[in-house]
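What follows is a single chain, given as structure tokens, in the form predicted on its own.
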């Protein structure tokens, strides 16, 4: 933790602040959605930028699309271990997980659970997802204000997570809580202390350990726990490693879809011409889903750690340096994406984005996320003329989870 007093980015002019003083990790920038001009400046003037002092220590920002792609592919120099987030792990509470591993461990553990999102499984899940979407949408009040995040975004993704884990449906709210606790420390207000955070995650471990024990010996289960039980690389995991992979699967299955569901509603409200385009041509929905995921970038960054001294794009990187690949910035890079600061639901090559990562760490559940969003918008368009935002949207105070806690809306019928 840096002891110097840090300048508050929110109070500074992105165009004139000295480059050396820019710190895009400050949570207030994210809570107030004021980071974009800082990222534009970094892409233009310092695409590999060193921040000496921050709440998270010193770090490099990698902000251009092509540089992120290159770094993603070079795991022998830029390692995913020990963590893929800007926050350093607590020394007494490390959570190994396969996304924060390099080959061969990464591939071996990922392979154990990848079958849950195999094409055949996705095909079987589609009917279940559609029925749940229909039930959720049919329960919503017309013409009354409610929080879209709570009643739709969280509820749909939590039901999906419960299905993937074959988790007791009546306890599914615990999955949402554990996801929030895993990604939010005391500074976010989600928990009061790091001790509380760890205690709640150990409660998560205890609950899932019971499920593990119930499923040992089950050779036919297609849920994530049964797959971990059977996997050669996962069946003998330590408790901490089991918890780490649970956190990964819960957060990965929750935050991407949940925040894209909310972010898509916001994007359409902010771009009424695109909303009209959607009404006139619902067949654009699959393409729009990809544009929503680019536009929102629900997980804002991934971290790499340098394994040796190296040069990258003219900058001297030291062994142990922390490098933050800002997906949110790469997805707005004019060098790679045409008119990136516009939300265009019929954009050509809409799937050309970094929100799912790239290379061997590319998001395992990307097709499932796209399918959930596609089904949701297909069903929305059959019921509602518009989802209108009628109050202030509240964002998560996080530089990792690029999401929302409150989105007051009213539904207008067809």
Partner chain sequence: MPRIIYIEHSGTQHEIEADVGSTVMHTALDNLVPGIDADCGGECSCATCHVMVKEEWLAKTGSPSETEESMLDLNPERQSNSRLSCQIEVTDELDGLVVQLPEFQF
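Residue numbers count along the first chain shown, from 1. Note that the coordinates shown come from a computational prediction; the quantities given were computed from them, not determined experimentally.
The discussion below concerns the form predicted in complex with its partner chain, not included here.
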| item | value |
| --- | --- |
| Its partner chain contact in the model of the complex: residue 366, any heavy atom under 4.5 Å | yes |
| Residue contact check: residue 120 to its partner chain in the model of the complex, 4.5 Å heavy atom | yes |
| Heavy atom of residue 110 within 4.5 Å of its partner chain in the model of the complex | yes |
| Heavy atom of residue 362 within 4.5 Å of its partner chain in the model of the complex | yes |
| Listed residue (30, 39, 358, 60) with a non-hydrogen atom within 4.5 angstroms of its partner chain in the model of the complex | 358 |
| The single option of 209, 114, 315, 134 touching its partner chain in the model of the complex, heavy atom within 4.5 Å | 114 |
| Answer range among 67-75, 193-201, 229-237, 295-303 for contact with its partner chain, defined in the model of the complex as heavy atoms within 4.5 Å | 67-75 |
| Sequence-ordered list of residues in 245-272 near its partner chain in the model of the complex, where near means a heavy atom within 4.5 Å | none |
